[in-house]
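One chain comes next, on its own, written as structure tokens: the form predicted on its own.
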Amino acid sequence: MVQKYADTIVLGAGISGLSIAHAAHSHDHAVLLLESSDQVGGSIQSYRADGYLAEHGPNSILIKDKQVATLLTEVGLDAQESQRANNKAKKRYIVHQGQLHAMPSSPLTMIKTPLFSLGGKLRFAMEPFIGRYAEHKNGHNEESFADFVRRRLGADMLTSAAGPFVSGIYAGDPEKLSVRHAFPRLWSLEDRYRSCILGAIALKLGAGGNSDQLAKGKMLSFRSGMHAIPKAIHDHLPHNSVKTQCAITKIKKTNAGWSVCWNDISGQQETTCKNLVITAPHHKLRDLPLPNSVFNGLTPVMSLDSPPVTSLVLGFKKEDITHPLDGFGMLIKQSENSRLLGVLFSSSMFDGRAPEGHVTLTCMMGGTIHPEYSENSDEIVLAELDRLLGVSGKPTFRHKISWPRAIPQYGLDYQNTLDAMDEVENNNPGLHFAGNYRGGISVGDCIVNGLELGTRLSTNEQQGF
């Protein structure tokens, strides 16, 4: 066994780890990525067969940060490979009383929509006159997303729009999610502008905006699928800087930093480093051979709730579906008692997701409120698709992926999780944690956080910290 050295070792070659490595290597900082599986990308995997394209994880990325746009350009994902969402994907449907209704996109459609009662619409219009959160509920300043929406926008908005929205993003329960942590941009509108509506107007007019934010976000995917992002970053990294099929056998502190031992196809390996970054999923931290002082401090992180979610991608002949599928997809109100969280109209969002004359539907199931629905049979799903979209005929394509621990929930006690990570890092210089359980669950958030950490590590190295 030959002992080697790297400036930084990153455990996990998902999108967070790859982004850290990209930023660090851009500053001539040597990074070694160790991945337990046989490929990079984590949950961002794409599957193509018989003219269909199915995603295992995220189906798109919302580009709203200049750093993300720059990264995609740097790794060669230019306009020829990227795909902007089709215009018809701007329409979002909500299932209300068994029917699909488009979310309002203007004051006129807000007045006409049957999604909200007259009282609910009037209550929504009163939002600019609602004061800030009093910060005394339950003896602390955490407020659930549900309480936030009820207080600012009314109960109608929660049940008919915001609640299904949470199901689509977090597969979570709006009563249990912290608005400050799970939706920080929404929370900051009230904090900075006293009103969500007034804050949104101010940002649209360019007042107090973030210089790193793009003036207008754009939703993208790629012709080969979302896996194009991790693949392109990996291919852009120095040769031999990423090792796959690695089984970590030992992690220990040294006088100069950290030492990591692992086994791969070449046998037993050991590398020392100044910085060790762990990007493994939070529920897999318990599987790592961490020192006891580190392991014991991570209990709030490892126990973070993450419900099961299943994605079932089905293809159909276009003629076998009554609904025009002229939108992004449909989200379903909890009161509808559906066995689905929602359905993405994947082939309407992006071209190349189904053969000519066919369509693709991505059905999402499970989540915090009904985890048992993640085990729905195909028969249950097909019955729901028939009821809501008028789907008949047999599927012409099927691809299913289940995640037993899918999306970390930023709950009302999430600050304890952040405090635990901060304390472990402060007590163990050179140790860092990153991933979708810290700083945002979206692909864009993970990329930005990874780039910033990679830059910080390389900058500190150059400054001799």
Ligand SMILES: Cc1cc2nc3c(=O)[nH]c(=O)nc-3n(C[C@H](O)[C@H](O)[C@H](O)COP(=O)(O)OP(=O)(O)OC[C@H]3O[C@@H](n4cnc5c(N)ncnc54)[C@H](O)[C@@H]3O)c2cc1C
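Please read these numbers as outputs of a predicted model, since none were measured by experiment. Numbering starts at 1 and follows the sequence shown.
Form predicted together with the named molecule: not shown, discussed below.
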Response to the item:
Heavy atom within 4.5 Å of the named molecule in the predicted bound form, from candidates Ala21, Leu453, Val443, Ile9, belongs to Val443
Item to complete: Select from the listed residues Met302, Cys261, Leu100, Leu288 the one whose heavy atoms reach within 4.5 Å of the named molecule in the predicted bound form.
Response: Leu288
Discussion item. Based on heavy atom distances of 4.5 Å or less, which listed stretch (422-430, 22-30, 46-54, 402-410) is in contact with the named molecule in the predicted bound form?
Written reply: 402-410
Discussion item. With the distance limit set at 4.5 angstroms and only heavy atoms considered, check whether Glu35, Asn59 and Gly435 all reach the named molecule in the predicted bound form.
Written reply: yes
Discussion item. Taking the named molecule as it sits in the predicted bound form, is Cys196 in contact with it (heavy atom to heavy atom, 4.5 Å or less)?
Written reply: no
Worksheet item: Does Ala13 reach the named molecule in the predicted bound form if we count a contact as any heavy atom within 4.5 Å?
Response: yes
Worksheet entry | Contact flag, Gly41 vs the named molecule in the predicted bound form, heavy atom cut 4.5 Å | yes
Worksheet item: Closest heavy atom of Thr279 to the named molecule in the predicted bound form, within 4.5 Å or not?
Response: yes
